[in-house]
Each structure stands twice: as C-alpha cells, then as structure tokens.
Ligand SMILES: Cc1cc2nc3c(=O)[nH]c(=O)nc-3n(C[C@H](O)[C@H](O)[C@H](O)COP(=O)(O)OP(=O)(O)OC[C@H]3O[C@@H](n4cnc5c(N)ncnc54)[C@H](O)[C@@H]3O)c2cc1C
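Consider the single chain below, provided in structure tokens and representing the form predicted on its own.
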C-alpha cells in the first residue's frame, strides 16, 4: 500500500512498548511535548528525553515499573522539575516518569502527629491542608508553591527554617517505593516502624536522587503550630558586621527558627522589583525569626533586637504582625524568580561551610566572580552555613559558561578546605558529581557505589547522577 504524501510517522518501538504499559494520553513523544522536560531549575544544561510518561496514580506507576526494565533505556523520576542540581533530567536519554498527577493527601492524624501523602503533593498545598488542624510540616524550600514532596525527599530538601527544625530527613517516617521490576516495598510507616524487609531502609531512599526506586507515598512527622512568631529585619553596612550578628544569633538562647541573609546585590534586586520593602541601598540584610510559646517568645524579643543593634545595625525592625512577616518572606523566597528576570542563565550553588569561614568564603565568591566579570548574588541560609551563591551569565556568549564552571570548582575546593561539604539541600545531580572525589576517598566512593548497584545493578535508574561515571549500559 502506498500512503498519501506526507506519510504519517511510524511509531517507534519505544513508543509502542510504552503504549502497552500505560493508557492513551499518558505517553508523550512529540518534540513539542518533550521540550518542557529538557532541564530542571538549573536551566542551562538541557537533555531531551526520548519519551515522558505521566502515571495517573500509584497503580499505573507500578504497572509501568513492571515493564520498565525490559524497555532497555534509562528511567528518570521527575516531580515539578524545580530542583537546582540537574537531577530529574534525561542525561543519558530514556524515559522521564512525571509523577505530579499523584497528589492526594490521604490522611492527617493529629493525635499521632503524622500525615500520609502521595509523592506529587506540593509543599504549599500540604501546609494549607495542615493549618486548620493546628499542625505543620517544617521543611520549607523557597519553591514551596510548586515543588513536590517526592522531589523534596529525593534531594533531602531543607529551607529557611531548617536552622532550628532540620531538613526533610528529620520528618520522613516512612516511604513506599517501587523497584525497577515493579515490586513495592514500604520502609517504615506512621510510627517510623520497620518495613516489609524488616529493616529501616528509608534512610537509603531519602536523598537518593532517583537512583534507587520510584516513590509513591510518604508518612511524614508533623509538629504543633508555634503559638507566637516574631520576625526581625536588620541591615548592616558591611560583611564584618553582618557576620558578627550571625554568630551572635546562633549562640543566643532564643534559638532562632531562621537566619537568612541577602547581600547588597540581592537587596538591590529586591528593591528594584515589586517585592520592594524599604531596604537601604548597599546594605546586607538579615531576616530572623523566633517562635514558640507566646510568653517565652515575647520575653525574648528585646534581647534579640538589642543583639542585632550591638552587632552594628542602625536599622532594626521587628513585628509579630503577619502582614510584615509575609512581605519579608515573599521578598526572600522570590529571589530565584527575580534572578531569572535579570539574566538569561544563572547557576545556584549549594555549598555548606562552618560559620567561622562565612566572611572568607563569601569574599572568595565576590573576588572570583568580579575577576571573571560574572555577576554574583548571595541569598542564603546563614544560620546553618548553607551558601547559595548565584552566578549570572549568558550561555550564548562564548566562554561565559566555562568561567562559571571554573568559579564553581574553585569555590567547592575552598569549601572542602575549610571543612564544608558539597550540598545542604539541592543534591548532587550532574552539576556537582565531578566534585565528589574532593570529599570522598576511593574506599568511601566504592561503598557508596555499592548502594545503587544493590538496588539497580545496571544503573538504569537516573544514570549519570551523583557519580559522574555511573552509566547505564543496555
């Protein structure tokens, strides 16, 4: 038979195989459909997948995983794609499994202070559902309106309030995971108990960046909402005075829930936007929060304000009013979006350093970036030393990407020299995989390599992530 011109495209063998695993409409293969899956929040590194599948529920995901091994291509799990390490991208091609349709909050148990949620639930949706019950889930990355809990668990996300409350791993009681052959295992549960393998292997899953299994649901620990919250905003003229304030806050008995810092470039960016909140030009800003029982927190307000002044601020404001709190946090958390408006591309690094090295490492960032004629903006979690230097560049300009990668390498080398580590919450992905030997020796790397190899011997799950030599060979 001769078909009329032009002939309809013949379905590839991969498309046919996927169509047998999932219902019609759940498989995307056209270039226009795949274009939105080429990168995560890191942006400038793009890898188009061969296909994307969107399971409607856990049953469809399990059915897909039953047949995934036989596909003979990499399998990459993806939630909202807001991650900043090049994690949920098809670096070696293959199939991206988009889990955002699995977004049911199954149960909120206020007696036991836990909830059961599916992997596609967004952080802000969970917060909104919990608030009427008088409880909350503390991890709060800035991408909360869109980031999914599956991605948070995969990267062990933190957020502004992790200084006091800790990161995702402190709140995961149980994980339901699907292996590459479709077997379903539950590690832990509402009481943090043992799973079907009679071992608490959920610790392997948290922060595994999609290299071990697919997540379907979680059991998460909750806390009572604090009775009272006070928010402070203080500005400082230089790096020396703001560093003194950070050290004093860390040692203060109020034990702040959050200590965030914006440098003068970050302040200028906020003040030139709709998020402007009256910050003086050329200043470093600290955003501080204390919370807890009302009487106790109220008794500590003046001592925190005095501490901020004594460190060198002539501009201290504080309030227990929610409107001021929301305005300041909105300005802080919108910084990523504002950066995207200033530059075609930017890299957000995620190094963690001892606070004693704060001024030294920040100065290194400024010196290296200025010498390379690359703009650098620092907006980060100062309380726990989790730096987020942002390097703004244009990948279309020859040499600019290479400059940024060289700055990042020098930064990571210095971070390790002062006793820090590569990531506090973003994960390693393929952005920082080349730096792993800076931290871990050959023996440690072999032990770490054994974990994904035990779950996934062919490394079909999310290859070329975390370890730059971890490649899938069909």
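All figures in this text were calculated on a predicted structure; none of them were measured in a lab. Positions refer to the first chain, counted from 1.
Note that the form predicted together with this ligand isn't included here; everything after this is about it.
Chemist: At 4.5 Å between heavy atoms, only one of the stretches 126-134, 394-402, 309-317, 75-83 reaches this ligand in the model of the complex; which one is it?
Modeler: Looking at the other structure, the answer is 75-83.
Chemist: Only one of 94, 210, 138, 174 has a non-hydrogen atom within 4.5 angstroms of this ligand in the model of the complex; which is it?
Modeler: So the residue touching this ligand in the model of the complex, by this definition, is 210.
Chemist: Though this ligand is not shown, can you say which of 231, 349, 142, 235 has a heavy atom within 4.5 Å of it in the model of the complex?
Modeler: So the residue touching this ligand in the model of the complex, by this definition, is 142.
Chemist: Just to confirm, residue 284 within 4.5 Å of this ligand in the model of the complex by heavy atoms?
Modeler: No.
Chemist: Does residue 215 reach this ligand in the model of the complex, with heavy atoms at most 4.5 Å apart?
Modeler: Result yes; residue 215 sits at the interface with this ligand in the model of the complex.
Chemist: Taking heavy atoms and a 4.5 Å cut-off, does residue 119 contact this ligand in the model of the complex?
Modeler: Yes, contact at 4.5 Å.
Chemist: Spell out, yes or no, whether the shortest heavy atom distance between residue 382 and this ligand in the model of the complex is within 4.5 Å.
Modeler: Output for residue 382 is no: heavy atoms all beyond 4.5 Å of this ligand.
Chemist: If you look in the model of the complex, which residues in 141-155 sit within 4.5 Å of this ligand (heavy atoms)?
Modeler: The stretch 141-155, when checked against this ligand in the model of the complex, contributes 141, 142, 143, 147, 148, 150, 151, 152, 154, 155 at the 4.5 Å heavy-atom cut-off.
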